[in-house]
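Below you will find one chain, with nothing else, as structure tokens; this is the form predicted alone, and questions on how it binds or moves follow later.
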């Protein structure tokens, strides 16, 4: 039997939420139940091998911040370095799970599985989804060949690069867009559809070193997201530039198209030294670049992930102030 240790790191979220009434699936308070208590409530959790639990943070993930990311990355790297640990599971809120997953994917670049999981119903629900999601995440974390940062929800395995929250309420709230899921967890077995997503990128070593050295969150580059829409003006861009923003990600329409007023403001910002990246507000597809593009595209990243990437790139270039 495959019995190496799996570590479960608790970050809070709905999976650790409590509601006054078991029938109330939306009027709960997130991040109330300790990870050790969540694990103890699942008798079969240790059937396949030893489990270590550790509470890293207790946060409603809508309030996730750089300080929590620093602590989480440090604990992930700590346990990844232990030869007896085969994989890590992270319990996390659904709202910003995709951003945390991408951050860990780029900063930790693990050769072992790091699996984020979550819930859409609180722990006190009549039929909570968290316990099954946690068991499924452990199944993936114990796979002998699994590697990289992954997300597991409602029996579906997503890569950190592709996963997005796409529904406000359904238990199966995540999608990998037109890339498709990596696979499924079915009765404690993994059915893989495509290979595990893993990459090592030496271009981010300076950013990774900054993060390992606990660079203060107030010193991280400031990058904001703006959206293209009917009647948009240059006002938001001008205000952000005046406030000292270092990077802007624009959620453009369609294939990276921009209202002329917004495009002009972004080009002026770029000339002034602000890094600008075009993503798309479309759920599927990516911005396809053209030879005459004056603003770079996000290389397939969603706006929120493009923001994480730009923060790390600016950190690498020494642009943090």
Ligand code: SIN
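Remember, predicted model here, so these are calculated numbers, not experimental data. Residue numbers count along the first chain shown, from 1.
Below, we turn to the form predicted together with succinic acid (SIN), even though it does not appear here.
This chain appears without its partner; in the predicted bound form, the one residue of 30, 70, 45, 295 with a heavy atom within 4.5 Å of succinic acid (SIN) is 30. Of the candidates 54, 37, 60, 268, 60 is the one whose heavy atoms come within 4.5 Å of succinic acid (SIN) in the predicted bound form; the others do not. Under a 4.5 angstroms non-hydrogen atom cutoff, succinic acid (SIN) in the predicted bound form lacks residue 113 among its neighbouring residues. In the predicted bound form, succinic acid (SIN) sits within 4.5 Å of a heavy atom belonging to residue 95. Mapping the unseen interface onto this chain, residue 165 counts among the residues with a heavy atom inside 4.5 Å of succinic acid (SIN) in the predicted bound form. The closest heavy atom approach of residue 120 to succinic acid (SIN) in the predicted bound form falls within 4.5 Å. The stretch in contact with succinic acid (SIN) in the predicted bound form, judged by heavy atoms within 4.5 Å, is 86 to 94, chosen from 224 to 232, 195 to 203, 148 to 156, 86 to 94. Along 135 to 160, not one residue places a heavy atom within 4.5 Å of succinic acid (SIN) in the predicted bound form.
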